[in-house]
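Structure 1 and structure 2 below are two forms of the same protein chain, each written out on its own as structure tokens.
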Structure 1
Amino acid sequence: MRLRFRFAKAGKVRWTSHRDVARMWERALRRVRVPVAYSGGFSPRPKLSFGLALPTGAESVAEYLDVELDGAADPAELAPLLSAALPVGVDVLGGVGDEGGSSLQNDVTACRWEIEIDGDLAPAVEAMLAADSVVITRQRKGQDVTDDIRPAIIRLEFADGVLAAELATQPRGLRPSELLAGLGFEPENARVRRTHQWIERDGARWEPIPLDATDAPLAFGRAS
């Protein structure tokens, strides 16, 4: 059986890395005694797979994790126990169980981000949307590559100091920091939050695990 959880990452803990989050989950699953399946061999690893990495420093209410089980468990029952076993700021928002199969890495086609900005980005956003191409130089695997990022920008709006952006993750993902660079705006410390990850199925768009009110400021406003 496979369990899929949706979780939030907010507050000070947002400064931990993707790998750190993986280790937090391994420990939490052991503390709650979830019957996680392990790989074989001399150094067995728990079978966990995370979706698209969240940049260190970003917050999120739309992180996902798949856990392969050796047995069965009820995700709804586990969710609060796992939240309690995870560090402050990492909260489980929902869970489902299925037979496994498709991976988050392959299925997610777009992410929605909210970026708090001190300043007026409206003119830059307008210009970007009007442009046919937006070419930036960015780093990929340690190399500088020059790309047109315009096709990856699905939606973009700026209102009340918040830049809301929906960015494609395939074929080559666009990161919030790269979007900001494309807008000619590189703040020292923009508050970045992932609000949705979208998958496409049967010609429609879905969240892997929807929330009733994803746009509510869930888990935010906590001590930070």
Structure 2
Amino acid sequence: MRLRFRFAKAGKVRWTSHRDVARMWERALRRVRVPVAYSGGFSPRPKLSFGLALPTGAESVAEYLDVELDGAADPAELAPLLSAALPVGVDVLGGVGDEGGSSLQNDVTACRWEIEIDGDLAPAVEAMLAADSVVITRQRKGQDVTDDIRPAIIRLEFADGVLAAELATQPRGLRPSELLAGLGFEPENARVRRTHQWIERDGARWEPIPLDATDAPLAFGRAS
């Protein structure tokens, strides 16, 4: 049996690395005594599979974790127990049973981001959307590579100090910091929040676990 959880990461814990978040989850699952399945071999590991990694420093109400079980459990009952066992700022927003299959990293085709910015990006956004190509230099495996990021920008709008962007994750994901670089804005001066991870197939689009991010308990300005 496999369970899938959707969780938020906000406030000071947003500076925690992806690896440390994985350790937090391992400890929480042990505390709640979830019957997690383990790999074999000399160093057994819990069978956990996270969705797309969140950039360090970004917040999110759309993070995902798949947990393989060696037994049965009710995700609805586990969600509040796991939230209580996790650090402040990491909250379980929902859970479902899942039959398994391909990984979220392969399934997710786009992410939606909200980026708080102190400044007016409207002219730069208008110019980017009108451009046939937007070429930036970014690192790949330690090497500088020149890429056209325009095909990865699905939707983009700026209003009331917030840049809302839907960015493709395949064949290679476009990071919010790279989008801001293409707009000529310094990424360190922005606050980033992921609100959705989308799966699109045969003209249909859905989230792994639907949730209206605007109603989620952690939003900009709600955690420090």
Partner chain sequence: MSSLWPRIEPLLARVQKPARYIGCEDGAQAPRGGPGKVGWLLIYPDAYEVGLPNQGLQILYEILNERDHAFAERSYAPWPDMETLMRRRGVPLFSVDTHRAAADFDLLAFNLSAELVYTNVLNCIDLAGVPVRAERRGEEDLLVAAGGHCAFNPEPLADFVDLFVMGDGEEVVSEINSVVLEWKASGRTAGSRQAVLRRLAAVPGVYVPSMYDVAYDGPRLAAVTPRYPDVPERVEKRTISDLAAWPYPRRQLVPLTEVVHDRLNVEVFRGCTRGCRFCQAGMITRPVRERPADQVRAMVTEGLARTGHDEVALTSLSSADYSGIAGVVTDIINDPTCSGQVSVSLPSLRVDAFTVGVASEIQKVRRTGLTFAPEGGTWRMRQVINKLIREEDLYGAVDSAFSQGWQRVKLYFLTGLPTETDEDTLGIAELARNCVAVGHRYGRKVTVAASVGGFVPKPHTPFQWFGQDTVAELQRKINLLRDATRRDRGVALRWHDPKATLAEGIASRGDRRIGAVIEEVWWGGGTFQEWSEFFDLGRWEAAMAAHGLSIEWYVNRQRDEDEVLPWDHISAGLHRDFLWQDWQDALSHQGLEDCRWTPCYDCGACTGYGLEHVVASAVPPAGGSQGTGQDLSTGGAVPVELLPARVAATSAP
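Computed from a prediction, not measured in an experiment: that's the story for all the values here. Reference numbering: structure 1, starting with residue 1. In this text, the rigid core denotes the largest set of C-alpha atoms whose superposition between the two forms falls within 1.5 Å.
Comparing the two isolated chains, structure 2 is the one taken from the form predicted alone; structure 1 is not. For D202, the CA shift between structure 1 and structure 2 after superposing the rigid core equals 4.2 Å.
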